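Next comes just one chain, in structure tokens: the form predicted on its own.
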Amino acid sequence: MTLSVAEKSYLYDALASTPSIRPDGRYPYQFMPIEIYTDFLPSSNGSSRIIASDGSECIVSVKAKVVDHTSDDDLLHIEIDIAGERDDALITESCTSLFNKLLKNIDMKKLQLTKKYSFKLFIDVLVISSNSNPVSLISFGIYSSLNSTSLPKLVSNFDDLEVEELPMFHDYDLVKLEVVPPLVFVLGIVKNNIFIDPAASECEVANNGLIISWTNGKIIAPIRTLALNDTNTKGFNPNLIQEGIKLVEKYASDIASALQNI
């Protein structure tokens, strides 16, 4: 979205006012309306499709493979593709790096099958379209797909160190994957105001942005600043970081509960 100088000035003044006035009438803590579909890819162990009201869309697939964790202890692999961006583009590499770090907060013991073997998850993310920063969209997609993931039920022995055998699974029974992935929130900053899930027009005039990560009722690393545009980025009051953290702490659990109930 490209705004004229007059439109940018009008929007900036509205967002910088007290209280801030967002162009779509949302409160600072409200997200854009989204649609989420799960379990729609038959060849995946888990999947999700998330569509935001501004036309942004993301598809996530989760597939599992049995590996020997005594020789391969990296049990999560994520790849992110963003339509219109190269694999080595800054936004693609930064998103991949961010989620690789965040997903290490998942309890890997939940993936263990036996004393020797574990499931390894391959998470593939495709951002079909994105009119604003895609980090939150990707986060919600990964959360929903992992929450819908089912894995084959183990029927062989857990202790396989003394007796050499491969894991054996039930012919049709599945077990729900019980992991709690982190959520990532993008916040926009305009003057002394901070708001969650900035739209494309808000990104154009924002002075700066924040990425705040959350899991299990607490804020986790990393917390990063984020330039939401190339023309209006400025410094900001450090107290806004604390305000952003409080905003996420207050509403993140409600968002997680909504995603779990899909």
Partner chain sequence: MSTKVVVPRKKRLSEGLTVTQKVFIRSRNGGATKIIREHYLRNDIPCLSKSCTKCQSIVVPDAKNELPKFILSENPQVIANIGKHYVVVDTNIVLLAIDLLENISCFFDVIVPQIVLDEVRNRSYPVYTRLRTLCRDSDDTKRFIVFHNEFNEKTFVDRLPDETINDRNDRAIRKTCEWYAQHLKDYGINIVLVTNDRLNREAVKKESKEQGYFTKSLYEYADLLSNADEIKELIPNVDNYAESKELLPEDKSEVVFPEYYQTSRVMGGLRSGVLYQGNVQISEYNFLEGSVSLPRFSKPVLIVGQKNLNRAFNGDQVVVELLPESEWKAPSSLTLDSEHFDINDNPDGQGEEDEFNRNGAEAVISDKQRRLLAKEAINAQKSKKVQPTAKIVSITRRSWRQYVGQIAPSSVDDKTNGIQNVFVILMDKCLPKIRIRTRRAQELLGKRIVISVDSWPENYKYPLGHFVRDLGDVESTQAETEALLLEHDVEYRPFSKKVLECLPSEGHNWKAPVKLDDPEEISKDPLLPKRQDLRDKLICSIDPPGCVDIDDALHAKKLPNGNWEVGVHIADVTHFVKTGTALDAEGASRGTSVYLVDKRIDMLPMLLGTDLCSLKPYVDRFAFSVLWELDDNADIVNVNFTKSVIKSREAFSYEQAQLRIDDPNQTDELTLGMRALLQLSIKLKQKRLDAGALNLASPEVKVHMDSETADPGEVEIKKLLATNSLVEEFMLLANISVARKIYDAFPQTAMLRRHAASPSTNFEVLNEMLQKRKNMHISLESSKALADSLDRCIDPEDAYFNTLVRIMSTRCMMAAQYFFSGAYSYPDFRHYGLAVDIYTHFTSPIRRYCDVVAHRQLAGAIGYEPLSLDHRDKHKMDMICRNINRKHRNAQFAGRASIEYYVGQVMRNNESIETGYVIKVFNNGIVVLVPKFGVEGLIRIENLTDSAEDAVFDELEFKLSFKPKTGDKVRDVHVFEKVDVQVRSVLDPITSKRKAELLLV
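Residue numbers count along the first chain shown, from 1. Keep in mind that what you see is a predicted model, and the values were worked out from it rather than measured.
Omitted here: the form predicted in complex with the partner chain. The next part is about that form.
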If we take heavy atoms and a 4.5 Å cut-off, which stretch out of 230-238, 28-36, 205-213, 41-49 is in contact with the partner chain in the predicted bound form?
41-49
With the partner chain left out of view, which of K176, R86, K109, K104 would have a heavy atom within 4.5 Å of it in the predicted bound form?
K176
Sole residue of N192, S156, S94, N100 within 4.5 Å of the partner chain in the predicted bound form, by heavy atom:
S156
Just checking whether N133 would be counted as a contact of the partner chain in the predicted bound form - the rule being heavy atoms within 4.5 angstroms.
no
Going by a heavy atom distance of 4.5 Å, is L166 a contact of the partner chain in the predicted bound form?
yes
D171 within 4.5 Å of the partner chain in the predicted bound form, heavy atoms:
yes
Can any non-hydrogen atom of I223 be found within 4.5 angstroms of the partner chain in the predicted bound form?
no
Applying a 4.5 angstroms cut-off on non-hydrogen atoms, the residues of 126-155 near the partner chain in the predicted bound form are S148, S150, P152, K153
